[in-house]
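As a starting point, one isolated chain is supplied in structure tokens, in the form predicted on its own.
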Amino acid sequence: METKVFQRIYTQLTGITKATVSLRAQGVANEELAMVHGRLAQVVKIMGDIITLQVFSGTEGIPTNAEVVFFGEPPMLKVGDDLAGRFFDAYGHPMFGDSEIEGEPREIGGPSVNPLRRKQPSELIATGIAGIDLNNTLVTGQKIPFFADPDQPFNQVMAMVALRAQADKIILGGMGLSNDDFLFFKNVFENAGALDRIISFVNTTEQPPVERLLVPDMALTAAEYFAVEKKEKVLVLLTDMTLYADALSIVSNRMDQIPSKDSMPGSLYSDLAKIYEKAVQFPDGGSITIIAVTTLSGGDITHAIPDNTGYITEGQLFLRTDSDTGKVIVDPFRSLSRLKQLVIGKKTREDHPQVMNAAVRLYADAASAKTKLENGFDLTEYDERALKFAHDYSEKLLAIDINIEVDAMLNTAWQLLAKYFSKTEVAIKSELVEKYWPAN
């Protein structure tokens, strides 16, 4: 951003930490951008006339007489229809040498939507992944995280969701992506011919971690444009929120703030809520649905990041590798969509709730049988059937590489139920059994 005529230049810093600088200045607003010694920075604290600026690329080499120029405005994103199909950095600038987009500048990180302007979510958002659509159905306007171990292929799952989801626009916010993952997303989107509906904001591991703090706000500002003004169904994919929270921690620790649980800042809950609460269903059809990845450290779901995330969001999708099939599945026991009852059996087929419940219950019977086997107990004939059912259920429905419509998921579930169990064992309403039980 260029400096303007008559802009005041400050040349005396009063303090420097690893991530921030401080100086005396007047007429400065919170979150305003500035240039410090040629490096982009943002106001993070105002105490009287003492201004603290977070320097995105770090403060190493900045002298105490460094030039500081305030821009007079917070970070902005130019919004318009030609956002679609483009890759942007954390500052909203086009990547790969593309030209700047023409559009109206919008301040990022604004407030979430007034509850009076919201409508109760009631529209199905299908992903083609049965572990989600069958057991943990998503609803437009919902906010839900993937909880996954760092070695799980969560970015591949996000790319699958992006390609399969029935949404008008998909907005990817990549934080701390490896170059391999970044190129993976880029190649998948280009090869699928889906770029025209996908917008990406990316910070890679080679770029300053603090830049990650801008990415969700950039992605959600773009989402609000398409949801509010174009009345489109927008799906926002954020990966990885653990790296976002780590960047928050870096800044707060370097500002000598007293850390809270797990070295996280005390503001973690409100920092995360500010992002997730942007999920909304508008009465006139536009919506923002947020699916975010939260990687777990050593599978610890009690860590401050997933713990706070669980309070804010409406369920979670839990990835794990199934020991029987070797496939990555959406775990039916640890996953939950708290809003699925708003659409299953209403926007999907009438048998959906009962088939879902029966299959998960019988899968639980198989888990009990496996425990008996591991403890050296004899298995009953029913246990043997339950174990075979669980293997097929995992392979044909829970695995993330299955891509079928909801009706096909239900039909597959009926076939598996009929293959291994009697009509009385599945305990589904008789009228639904008569209507949907396979003929052979």
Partner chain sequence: MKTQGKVTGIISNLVVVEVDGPVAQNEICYINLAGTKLMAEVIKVIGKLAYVQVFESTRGLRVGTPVEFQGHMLEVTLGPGLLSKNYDGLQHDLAKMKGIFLQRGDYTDALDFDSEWDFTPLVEPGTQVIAADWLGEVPENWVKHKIMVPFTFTDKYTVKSIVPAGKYKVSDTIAVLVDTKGEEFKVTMYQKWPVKKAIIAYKEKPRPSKILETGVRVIDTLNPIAEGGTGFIPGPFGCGKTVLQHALAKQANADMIIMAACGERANEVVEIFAEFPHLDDPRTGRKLMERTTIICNTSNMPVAAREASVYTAMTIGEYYRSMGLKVLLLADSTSRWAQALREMSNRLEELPGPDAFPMDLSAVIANFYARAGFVHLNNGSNGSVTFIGTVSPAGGNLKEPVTESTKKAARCFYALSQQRADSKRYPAIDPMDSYSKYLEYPEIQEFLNKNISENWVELVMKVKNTIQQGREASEQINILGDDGVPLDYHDRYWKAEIIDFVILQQDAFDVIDCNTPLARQRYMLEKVMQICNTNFHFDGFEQCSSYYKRMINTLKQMNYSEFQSEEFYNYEKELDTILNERRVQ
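We call the rigid core the largest set of C-alpha positions that still match within 1.5 Å between the two forms. The structure displayed is predicted, hence computed values, not measured ones. Numbering follows the first chain given and starts at 1.
The form predicted in complex with the partner chain exists for this protein as well; it is not shown, and the discussion that follows is about that form.
Any idea which of 185-193, 163-171, 329-337, 126-134 reaches within 4.5 Å of the partner chain in the predicted bound form, heavy atoms considered?
-> Of the stretches listed, the one contacting the partner is 329-337.
Find out whether any non-hydrogen atom of residue 297 is located within 4.5 angstroms of the partner chain in the predicted bound form, and reply yes or no.
-> Contact check for residue 297: no, nothing within 4.5 Å of the partner chain in the predicted bound form.
Does the partner chain get within 4.5 angstroms of any non-hydrogen atom of residue 395 in the predicted bound form?
-> No, no contact at 4.5 Å.
Indicate whether residue 101 is a 4.5 Å heavy atom neighbour of the partner chain in the predicted bound form.
-> Contact with the partner chain, no.
Does residue 122 reach the partner chain in the predicted bound form, with heavy atoms at most 4.5 Å apart?
-> No, no contact at 4.5 Å.
So which of 232, 277, 246, 324 reaches within 4.5 angstroms of the partner chain in the predicted bound form, heavy atom to heavy atom?
-> The residue in contact is 277.
Listed residue that, although the partner chain is not shown, lies within 4.5 Å of it in the predicted bound form (heavy atoms), from 18, 24, 429, 419 | Of 18, 24, 429, 419, the residue with a heavy atom within 4.5 Å of the partner chain in the predicted bound form is 429.
In the predicted bound form, do 39, 154 and 179 all reach within 4.5 Å of the partner chain through at least one heavy atom apiece?
-> No residue of the spot touches the partner chain in the predicted bound form.
Partner contacts for 20-52, taking the partner chain in the predicted bound form and a 4.5 Å heavy atom cut-off = Heavy-atom contacts within 4.5 Å come from 27, 28, 29, 30, 31, 32, 44, 45, 46, 47, 48.
Once the two forms are fit on the core, has residue 117 moved its CA by at least 2 Å between the shown form and the other one?
-> Residue 117: C-alpha displaced by less than 2 Å between the shown form and the other one.
Residue 368: CA shift of at least 2 Å between the shown form and the other one after core fit?
-> Yes, the C-alpha moves 2 Å or more.
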